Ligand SMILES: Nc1ncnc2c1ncn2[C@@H]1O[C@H](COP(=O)(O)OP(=O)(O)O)[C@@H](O)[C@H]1O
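Below you'll find only one chain, the form predicted alone, shown as structure tokens.
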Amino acid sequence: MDPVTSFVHLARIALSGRRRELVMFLRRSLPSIREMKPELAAEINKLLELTSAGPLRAKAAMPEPLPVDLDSRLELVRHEEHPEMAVEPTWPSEIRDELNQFILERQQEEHLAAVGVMPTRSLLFVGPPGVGKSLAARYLAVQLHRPLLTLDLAAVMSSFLGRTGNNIRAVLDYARRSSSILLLDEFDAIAKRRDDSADVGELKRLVTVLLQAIDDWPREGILLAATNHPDLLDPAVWRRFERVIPFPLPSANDIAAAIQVALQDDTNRVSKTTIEILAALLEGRSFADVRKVILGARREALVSKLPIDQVLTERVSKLLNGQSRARRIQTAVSLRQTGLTERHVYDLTGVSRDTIRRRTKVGGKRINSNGKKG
């Protein structure tokens, strides 16, 4: 945040009496303040130390306990005070642009409010498993320096009539009182279509509660939901979320970028051709699947003391052997379009040159055997 926005945010926390959040905000801000104003940082640090001393500190700074299920005593949310990114996130450019636009809005929320415009409060992530929806929630929490709350569906769902609804209400109320980002993962499990005759009345009432909560979510709060099954969501849900961000399966180019990220220090030891071949073979898979393949190859290379490029080449052969004839032809076309010669593609896939020539077109023109368009 810029200094003015930070000051206004600090004032809002202080005036609302949220002491714990005030201390947290000051502690998070100390490193950047120290770079600009070392003397000011030293004064703030002294104040924080004084706050830590004295008999009232323990009572005043006690964090509010997380909501729990009354029977199992399991916590209903997973709480991460300082979320971190284990790997650099990889998304198609349109998704990254959407997320960064949201971050800019939240960083300039006071400027927007001054002209009567509210920043976006709610986002719905839609897409198959493993494409980066949960990672996007973590990315937003890291960039906006906010704790992350994730609904624990296993703890929330109860066999007792009315208990699931009470658990959801407890989570929503807790999240409203904090400055956290709340992620309702597997959202379709609690926001099902109300015309589903298989569901009991409680879950239908729960959808109404959720819709009201989304409408009334505080301006300062951030509510995220993610679903793998958008067809199961109640139609009214779509209208409540201010923005819906689709997360499609990655393209071959996106997969190639993800492979390079997953390889980390081994990137320079793997040829560009190998990466392109793997990307073509893994097209149609999720980012999670791609990371699993690369991580497995890195483990094998380290344990077997083999070059990573050799291990990945063997993985290419295994992936090709497991493909159907139709899929091998499709892969051969993709590989040919990366610039590999017909002979190289044939050696890898076993698909004949004639078949490759019949199926391979780039920009509406066939590719000659020498790699030139014609």
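Residues carry their position along the shown sequence, with the first being 1. Bear in mind the structure is a predicted one, so any value in this text is a computation, not a measurement.
Below, we refer to the form predicted together with this ligand, which is not included among the displayed structures.
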| item | value |
| --- | --- |
| Sole residue of Thr150, Thr164, Gln143, Ser134 within 4.5 Å of this ligand in the model of the complex, by heavy atom | Ser134 |
| Of Gly221, Gly130, Pro119, Pro83, the one that lies within 4.5 Å of this ligand in the model of the complex (heavy atoms) | Gly130 |
| Which of 285 to 293, 101 to 109, 267 to 275, 237 to 245 lines the interface with this ligand in the model of the complex (heavy atom within 4.5 Å) | 285 to 293 |
| 4.5 Å heavy atom contact, Val87 and this ligand in the model of the complex | yes |
| Contact test in the model of the complex: Phe187 vs this ligand, heavy atoms, 4.5 Å | no |
